[in-house]
Structures are given as C-alpha cells and as structure tokens.
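A lone chain, given as structure tokens: the form predicted on its own.
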Amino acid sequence: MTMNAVYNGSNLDSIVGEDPGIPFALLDEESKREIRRALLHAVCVPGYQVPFGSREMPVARGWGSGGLQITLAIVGKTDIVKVIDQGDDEGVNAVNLRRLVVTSTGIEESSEVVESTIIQSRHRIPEDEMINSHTLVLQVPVPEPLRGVERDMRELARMHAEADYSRMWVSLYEDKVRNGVITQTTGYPCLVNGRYVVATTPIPRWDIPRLHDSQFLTLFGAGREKRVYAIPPYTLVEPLTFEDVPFEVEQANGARCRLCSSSESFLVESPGTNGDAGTWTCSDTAWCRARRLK
C-alpha cells in the first residue's frame, strides 16, 4: 500500500506487522501514524511545509533520513521499492537505504520503475514514465526556498503566509543581470498550485517539468529540518521566471551517452584525462541499461 492508497482513503490495517512486538518497517506505529497525518496535511495543502516529529534514524546525517521516514511510514507488505542516488541504483546511499527498507519490511526491491510502487530518490526523477500507481519520495537537505534571501524564521513564516515572494524574484533578477542567465540549477524554486513557493530539492532543472500536472504523488521529506511537503497528482507547478526570460533546462548541445547514444536523457560528464575531451553518460543508469538491451 503506497501513499496514493492512503490518500484515497484505503484501509491502513495491512501495513501493521504480524508481531506487534516487532514494528513493521522499523518505526513504531505511533510514529508512522504521526508522519502519515503530516503527509495527509501536506497533500491537502500542496507546497505547504508541514512540521513533524522527525525521529533519529540509523543512517548518517545528510543521507536522507526525512525521505527514509516517509518511505517507512507509507510502505506496505505488497509494495516494491526502488531507491536511487544521482540516478544510480548502485550508489552507496541508494544501496544502504534500500537494504534498510527491505530488511525491515521483507518487501521486494527492483531497479525497474515499471515494477516499483515507491521510488525514493535524492537527486533525480527517473527517466521512465511514472503513473498514478507510483509514489515518488524525494530526500530534501534544505526545504526552505527563501533561506538564501532571509534567515529569520519568523520573517520566513510571514513571507509564506502572505505569499510575499518579492525578494525571491529580486534574487533571480540579480542573478540574471550579473551572469546573463539564471544560474540556479538544483533546488530551482517553483510556485505550486498558484500559492506556495517550494524548493525542488537537489533535482536538476531537467526534472522540474516532470512535476507539473504529473500522474504520480510526490512527497518531500527533510529530516534535519523536520518538515514534509507534497505535490499531489495533477497539480500546477510553475518554475519562477520572467516573461521575457523563459525557463530552460540544462543543455549539452551535441552530447550523446557513450553507452546508449541517447541525446534525450539527462547526461552527466566524466572529465577527460591527459587533455582529452570528457565523455557523457546517462544519469539514470537503469534507463540507460534498458535502452541498450532493446
């Protein structure tokens, strides 16, 4: 049972472990209920940061404890989990988080999006199409999109309450004037449902259009900041930009993946050696592998 099932009002009994003395999915039931209540609040008010009682998790700080707590709170016995880091299923972060989820629940794991129901990620949205049976959980290091323009927590709360995002616009304008382009890449600010500006986490600008009017539910978790927020399916997501400065994703003109020859996916560059030019590969390793097997 994924968060989509909870969102649709399904019975939650099936996510309780067989032995009441051994919590299913590591967290005790009261903790999971508290996190689910915060998530339902976040789904009802898209983009709004909902505080929750973040727990200590058996992972290092900065390894995605917020996303991990969301996954453990919503996972059910029939779910299949996929965990990626920088688009790679075999990254150290991904392997250890996936192992923790699987060993504490006994559920299946997969590297294929089509087989998975919960996809937890830190830096990417998978290249494969995601539908309403998927729940995307994004790990968030800094959930506050206005942190770069204001530090006072009370002033930040006021700005969100009054939808006063003028200083964010000024910051983007200054970036454009100084550099000729808006240089902000990861965490690019977006207006959700015409109301709240959110930080889109470390995902690249390439992935932001995937959030707009998506079929899948996206949940954001910041463990250290003790905040969760959500973008429900079919929600308006607008990157902040100016009428005469259209939003653009990252471009690598003429570049192709050295493994699958794709020029239509998000590519990352490996630096060359001895003065040689670097090479490009797909960030999403599972998608790249599947493309080569076709």
Partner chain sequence: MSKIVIPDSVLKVSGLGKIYGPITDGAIERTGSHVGTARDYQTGSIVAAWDVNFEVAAGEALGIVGESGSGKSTVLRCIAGDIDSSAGDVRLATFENGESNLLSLDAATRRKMRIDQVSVVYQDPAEGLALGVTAGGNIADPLTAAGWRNFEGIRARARDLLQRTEVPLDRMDDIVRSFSGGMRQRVQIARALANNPRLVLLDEPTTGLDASVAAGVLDLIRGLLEEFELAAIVVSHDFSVIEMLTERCIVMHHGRVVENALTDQLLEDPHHPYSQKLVSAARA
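Positions refer to the first chain, counted from 1. Nothing here was measured: the structure is a model prediction, and the numbers come from that model.
This protein has a second form, the form predicted together with its partner chain, left out of what is shown; the following refers to that one.
Colleague: Is residue 242 close enough to touch its partner chain in the predicted bound form, meaning at least one heavy atom pair within 4.5 Å?
Modeller: Although its partner chain is absent here, residue 242 would touch it in the predicted bound form, with heavy atoms inside 4.5 Å.
Colleague: Answer for residue 167 alone: is it within 4.5 Å of its partner chain in the predicted bound form, judged on heavy atom distances?
Modeller: Yes, residue 167 is a contact residue.
Colleague: Consider residue 129 of the chain shown here, and say whether it contacts its partner chain in the predicted bound form, taking contact as heavy atoms within 4.5 Å.
Modeller: It does not: once its partner chain is placed as it appears in the predicted bound form, residue 129 has no heavy atom within 4.5 Å of it.
Colleague: Is there a non-hydrogen atom of residue 174 within 4.5 angstroms of a non-hydrogen atom of its partner chain in the predicted bound form?
Modeller: Residue 174 belongs to the contact set for its partner chain.
Colleague: So which bits of 144-158 sit within 4.5 Å of its partner chain in the predicted bound form, heavy atoms only?
Modeller: Stretch hits: a single one, 158.
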